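The data below hold one chain only, encoded as structure tokens and taken in the form predicted alone.
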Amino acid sequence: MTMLASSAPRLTAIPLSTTDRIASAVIDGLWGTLVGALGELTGIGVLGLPFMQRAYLAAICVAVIGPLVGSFLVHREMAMIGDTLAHSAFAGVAAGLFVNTVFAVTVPPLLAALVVAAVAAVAVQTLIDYAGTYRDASLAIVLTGSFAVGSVLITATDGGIAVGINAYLFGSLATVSRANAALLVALTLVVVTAVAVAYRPLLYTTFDEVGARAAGLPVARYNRLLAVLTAVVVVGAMQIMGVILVAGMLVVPVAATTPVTGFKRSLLAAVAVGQLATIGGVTLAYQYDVAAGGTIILVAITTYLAVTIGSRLRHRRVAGDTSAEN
């Protein structure tokens, strides 16, 4: 009996994968403990809520990668590529949800969105480089085509996936799961590393593309790299910002730093504005139970208006002092 008992199979819990263990250690262990301790120290109860801890982490990441990539896009006058790739990501989410519903398989919607947005980014740049298509025309083609695909997939299931896609359209604090937060941290590391490694060529091609080609730089390769990085930012920010407003984090913080001279200083200032917008927006969204994406953009626009008005008043004062001295 003893031998039979010892040889009988034992029921054990299914172990977590290495990825899950790392995500749990970083998101719940390290970050959760740090933010929870800060909440106890300051008496801010919201910092003790796990879903808000993940939302704040996502907000910080979005505020780094959005202005970081957006600074290059704005100076290239390609700010609307973010909106184009956001609609492409919408098609990816719809495709992922469609496959999950119709074929009963598990395809993470964010992964599908990342793949589709990256393909769309390459398609946009290819149309510009090789098809002779005007830049705004190529953006419009990919934008409308992607949104058309997404709308067809939604209606193909008699609206069955429409409820699931609403969170991706408008963003939500509650949908930032541990896995999504870990994915966003990983994407942030990828974007920051890529920009740091390719900073000088990206800067050169941004401000003097003709000179960069003459110097022998593979301009087309760096243009595609920037387009793909934009797709990564869009997908990463989509879970909080939503598809409709995600492009705002690529543009508004950068626009708010117009008075700052020097590209590096303006880039750092844009990240600071992004942090103010995302952290402030997430806090207000939780406090008043409103959409996080819309609140973040409103905070960013308010900051932009305040900086613009302050800058103009300062210039008028300086001009007045100069004319008085003369």
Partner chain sequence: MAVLTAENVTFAYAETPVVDGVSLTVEAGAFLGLVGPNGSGKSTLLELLIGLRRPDSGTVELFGESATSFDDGERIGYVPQDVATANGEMPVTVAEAVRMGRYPHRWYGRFDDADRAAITDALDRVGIADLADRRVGRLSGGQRQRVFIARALAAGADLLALDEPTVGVDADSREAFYDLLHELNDEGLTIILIEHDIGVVTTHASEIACLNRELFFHGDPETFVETDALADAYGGSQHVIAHDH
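Positions refer to the first chain, counted from 1. For clarity, every value in this text was computed on a predicted model and none was experimentally measured.
Beyond what is shown, the protein has a form predicted together with its partner chain; the following relates to that form.
- Residues with any non-hydrogen atom within 4.5 angstroms of its partner chain in the model of the complex fall in just one of 255-263, 292-300, 25-33, 44-52: 255-263.
- Remark: Asp208 counts among the residues lining its partner chain in the model of the complex, judged by a heavy atom distance of 4.5 Å or less.
- Its partner chain in the model of the complex is approached by Leu203, whose closest heavy atom lies within 4.5 angstroms of it.
- For the chain shown alone, Ala215 is a contact residue for its partner chain in the model of the complex, at least one non-hydrogen atom being within 4.5 angstroms.
- Although the partner is absent here, Phe98 sits far enough away that none of its heavy atoms falls within 4.5 Å of its partner chain in the model of the complex.
- Residue Val197 is the only one of Ala104, Ala148, Ala137, Val197 with a heavy atom lying within 4.5 Å of its partner chain in the model of the complex.
- For the partner-free chain shown, just His75 of 42-80 comes within 4.5 angstroms of its partner chain in the model of the complex, judged by any non-hydrogen atom.
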